[in-house]
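The chain below stands alone and is given as structure tokens, in the form predicted alone.
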């Protein structure tokens, strides 16, 4: 194979966004080594600039006619572009909220951002990986970086405990996932590319084999851990409570988005012959996640633990789109994750601000906050109401789209359960809003009574303010101006070659009833 042909087959231009993030990471690590602690003044902004440049590069690759690269190991189709964009944006917003928090904890900012960019790289590669080895290496890059970030505040025993729990449970889930993947490799006769695996299993007539079903269950267990779906959620509340809050914000959006991207690609490319089986397993996970996440959240007294159980419930809602298995189902997943990015990160930005000013994250301590900090109260209220699905905010349209896609696909029981658990979730979100807004001055909590004067000119507070306003505006406007996001989500599915059979069947099922009714009218 000559060099020109090799370059053409590698098609390395598809990973330009990841190349930009990697270059940014190297600049930060080397800059920190050379300049020292004073580099923390420019390092966060360099990282954000690199991530935004990566998002621009992703935009320029939209509708790429030749998305396959690295001999089939990576697929830069429109589906992966959207998920990589969500992960890069979530990291950029997380860095904005982490500057003040990490500096106040007394740890090095450059190293923290370096680890977070490594996790971002892992998540971005995982979103486009279409080969088993690439999937596993990307997954481990994301996971190991997440373990490091979880235990980053070394002096805090809760952070150490959270990191140890996350590491032990994460290592177990990785082992289970790897066992499922190795079974898949063996059954396909030594293939590693997802499309080749499906073809080899179909040719060998192994679609009903017990080994393939065991492989499916093990692979789903690994994915469910990543998206924190019940019953693989045991790590989530403890890790959310003990970790530095910016890390929790990243895990709740970036890591979850990468997990869903992996789920869509694996289920449709490697297990197309077991569609009924994987839909059944995901249905069970969605039911457990929606019920357990939203019911247990009612009893929480810590804001971080409440948002942890809320994220388990949200994973259940997003799985409705995956189970639907239609063009509308996958598009609704992408739309919901796009709006979830801003409303969830907005809630965590408010949580960080409140913790920095009061030193607590207990829900009862938010009583009467409106009297002292109206902006923080407004932002947290909007984000929580959006997470609950109150119109006309972004979360309402996201949930409506998911439920509509599920209903169209015949998942009536799942959609009805989703509606009931949404009502339950609204209760615990509104409880926090009521506490902040309605309480009389004499009912103020001690933390709010001693609330410091709001000062945005302190070091690291301006980026927090920018993050706060950005997420508030995005959450408010994404609902009212949701049409461009709908279009983006739909076109990303329609132009993805691996999902073409689904798109065709969706169009076919939509056109056949219309044609039948037209024939009946003519008769």
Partner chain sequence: MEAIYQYAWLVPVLPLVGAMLVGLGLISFNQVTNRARQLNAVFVVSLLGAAMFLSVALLVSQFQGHAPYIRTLEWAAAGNFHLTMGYTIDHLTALMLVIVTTVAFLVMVYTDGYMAHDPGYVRFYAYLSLFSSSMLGLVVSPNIVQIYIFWELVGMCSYLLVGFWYDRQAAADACQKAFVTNRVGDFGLLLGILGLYWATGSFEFEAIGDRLQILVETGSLSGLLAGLFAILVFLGPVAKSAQFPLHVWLPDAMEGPTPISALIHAATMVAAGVFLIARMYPVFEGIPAAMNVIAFTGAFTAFLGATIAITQNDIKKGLAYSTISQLGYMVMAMGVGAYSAGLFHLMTHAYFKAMLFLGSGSVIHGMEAVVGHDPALAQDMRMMGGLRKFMPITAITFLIGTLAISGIPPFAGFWSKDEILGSAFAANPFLWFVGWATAGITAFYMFRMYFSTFEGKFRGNQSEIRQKLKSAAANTLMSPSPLAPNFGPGAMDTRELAALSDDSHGHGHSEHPHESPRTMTLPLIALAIPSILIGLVGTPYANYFEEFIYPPSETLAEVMEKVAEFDQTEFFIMAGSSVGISLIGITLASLMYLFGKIDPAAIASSIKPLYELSLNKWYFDDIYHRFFVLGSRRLARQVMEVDYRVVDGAVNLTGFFTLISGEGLKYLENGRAQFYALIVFGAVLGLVIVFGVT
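Numbering follows the first chain given and starts at 1. Because the structure is a prediction, the values reported are computed rather than measured.
The protein also exists as the form predicted together with the partner chain; that form is not presented, and the subsequent description refers to it.
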(message) Only one of 435, 390, 273, 213 gets a heavy atom within 4.5 Å of the partner chain in the predicted complex. Which one?
(response) 213
(request) Have a look at 441, 106, 410, 231 for me and say which one sits with a heavy atom within 4.5 Å of the partner chain in the predicted complex. (result) 231
(message) Which is the contacting stretch out of 277-285, 71-79, 357-365, 196-204, given heavy atoms within 4.5 Å of the partner chain in the predicted complex?
(response) 277-285
(message) Given that the partner chain is not shown alongside this chain, does residue 137 nevertheless sit within 4.5 Å of it in the predicted complex, heavy atom to heavy atom?
(response) no
(message) At 4.5 Å between heavy atoms, is residue 426 in contact with the partner chain in the predicted complex?
(response) no
(request) Look up in the predicted complex whether residue 372 has a non-hydrogen atom within 4.5 angstroms of the partner chain, and give yes or no. (result) no
(request) Report whether the minimum heavy atom distance between residue 238 and the partner chain in the predicted complex is within 4.5 Å. (result) yes
(request) May I ask whether 304, 322 and 400 all come within 4.5 angstroms of the partner chain in the predicted complex, judged by heavy atoms? (result) no
(request) Would you mind checking 165-182 for residues with a heavy atom within 4.5 Å of the partner chain in the predicted complex? (result) 165, 168, 169, 172, 176
